[in-house]
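Next up is one chain by itself, shown in structure tokens, the form predicted alone.
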């Protein structure tokens, strides 16, 4: 019963992780649009905002890389959901087989039960591997967002050199910084998910 409860908890946690990742994809799209607008603003500001324009372009690349990273995470999440579903199915079938073996003592049922328990162990092991892969992918995404944060902070510095456009550039760079920080906070929470600690 404890195993079944753990699997159900895992399923709920994976769904929550998936919802958060969907939200991050939406924010990545927002960064892409913001960066595109910032590039146009930097062009209007001219040579004084050239550095800001370069950083805005890099933030646009960052948003695309982040979106790709989230697609990879989504694939791993789907694999985890599938594996947890197998584990839950294994638990139900194994419980029924145990009951059948206890009531009939049929040798063939004992063999089927042993085979089922072997498959259960394979599914459980595969889930452990997927859990580690998902954790690693989240850690990689977090590192990517750390880079995005540095780009956003650098854009704030470059905005100061925008002469008459400095206030507009500072506002845009502040928005970048806020949005990237929002993603960083979300990913940090995901990395601490009980799905990875098993609690």
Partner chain sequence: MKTTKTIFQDGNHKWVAIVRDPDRPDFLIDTNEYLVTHGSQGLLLDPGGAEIFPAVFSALSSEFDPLALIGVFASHQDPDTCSSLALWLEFNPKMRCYVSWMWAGFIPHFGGSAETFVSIPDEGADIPLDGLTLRAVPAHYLHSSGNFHLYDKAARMLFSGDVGAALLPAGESGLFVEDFDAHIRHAEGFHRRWMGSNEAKRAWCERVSKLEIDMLCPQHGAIYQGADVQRFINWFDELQVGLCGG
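Positions refer to the first chain, counted from 1. The structure displayed is predicted, hence computed values, not measured ones.
There is also a form predicted together with its partner chain; it is not shown, and the following applies to it.
Although the partner is absent here, residue 75 sits far enough away that none of its heavy atoms falls within 4.5 Å of its partner chain in the predicted complex.
Although the partner is absent from this view, residue 97 contacts its partner chain in the predicted complex, with a non-hydrogen atom inside 4.5 angstroms. At the 4.5 Å threshold, heavy atoms of residue 82 stay clear of its partner chain in the predicted complex, well away from it. At a distance threshold of 4.5 angstroms between non-hydrogen atoms, residue 88 is out of contact with its partner chain in the predicted complex. Scanning 93-128 for heavy atoms within 4.5 Å of its partner chain in the predicted complex gives 93, 95, 96, 97, 99, 100, 103, 104, 105, 106, 108, 109, 112, 116, 119 in sequence order.
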